[in-house]
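Before any questions on binding or motion, here is one chain by itself as structure tokens, the form predicted on its own.
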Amino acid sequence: MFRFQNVTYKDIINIKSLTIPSKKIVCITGESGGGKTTLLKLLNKMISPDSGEIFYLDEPLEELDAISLRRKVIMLPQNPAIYNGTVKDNLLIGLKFSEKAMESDDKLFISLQSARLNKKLDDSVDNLSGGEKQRLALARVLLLNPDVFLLDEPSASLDEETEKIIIENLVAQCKQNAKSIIMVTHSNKIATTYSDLIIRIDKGKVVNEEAMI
């Protein structure tokens, strides 16, 4: 799906060769500051490499329209944007930005259930905790139904039980619908439990790739 050839970015990324398969759960692990988040940003053209090439489905990323790519390859950052207004406003704004048709309240509620966010659509976001805001942003991304989910520490603000439920649900949905997940995680437990492939990054270089059988 994604293929790196001699990719460098500042002094953060230096990847000679890397292939990330499609329709798999791929976890990116490694120490803080090792380049994991930068790697995700390269995958949907939030940033561009200084040298080398990245391919998506055998097409050079530099030749792909960034906006069109980001509708298929969506990134959920560790600290996602939450907009003033209601839960519903925040769900619909993702569809609006992506120029997709608005969904029914029933569909919006299903996305909240998938993210384990027990809130009403007309609830204000002002009273949401950090973990609830993270789950709202995840629900917004799920609603967009991309081909590839780029997730940067999606469960960092969650307790262990909620983390387990959400990750299990997300992985199950993606496998059922033939989607791809590329997820940065600090949790070795999540990586070993749910991933098809673990890629370890250290000082911007791939130091280990482990297929989980």
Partner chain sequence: MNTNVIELHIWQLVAAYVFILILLAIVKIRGIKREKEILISSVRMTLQLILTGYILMYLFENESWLLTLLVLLVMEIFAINNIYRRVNVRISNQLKKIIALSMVTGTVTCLLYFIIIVIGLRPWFSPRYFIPISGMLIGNSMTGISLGVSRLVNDINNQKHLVESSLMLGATPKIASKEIVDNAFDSAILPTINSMVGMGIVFLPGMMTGQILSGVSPVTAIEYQIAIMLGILGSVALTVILFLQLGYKTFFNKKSQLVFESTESKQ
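It should be emphasised that the depicted structure is a prediction, and the values quoted were computed from it without experimental measurement. Positions refer to the first chain, counted from 1.
Missing here is the form predicted together with its partner chain; even so, the following discussion is about that form.
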- Query: Looking in the predicted complex, any heavy atom of Cys174 within 4.5 Å of its partner chain?
  - Reply: no
- Query: Using 4.5 Å between non-hydrogen atoms, is Pro80 touching its partner chain in the predicted complex?
  - Reply: yes
- Message: With a cut-off of 4.5 Å between heavy atoms, is Lys88 one of the residues that contacts its partner chain in the predicted complex?
- Response: no
- Message: Taking its partner chain as it sits in the predicted complex, is Ile47 in contact with it (heavy atom to heavy atom, 4.5 Å or less)?
- Response: yes
- Note on the structure: Of the candidate stretches 164-172, 182-190, 52-60, 32-40, the one with residues having heavy atoms within 4.5 Å of its partner chain in the predicted complex is 32-40
- Task: Quick one: name the residues from 55-76 with any non-hydrogen atom within 4.5 angstroms of its partner chain in the predicted complex.
- Result: Glu62, Ala66, Ile67, Arg70, Arg71, Ile74, Met75
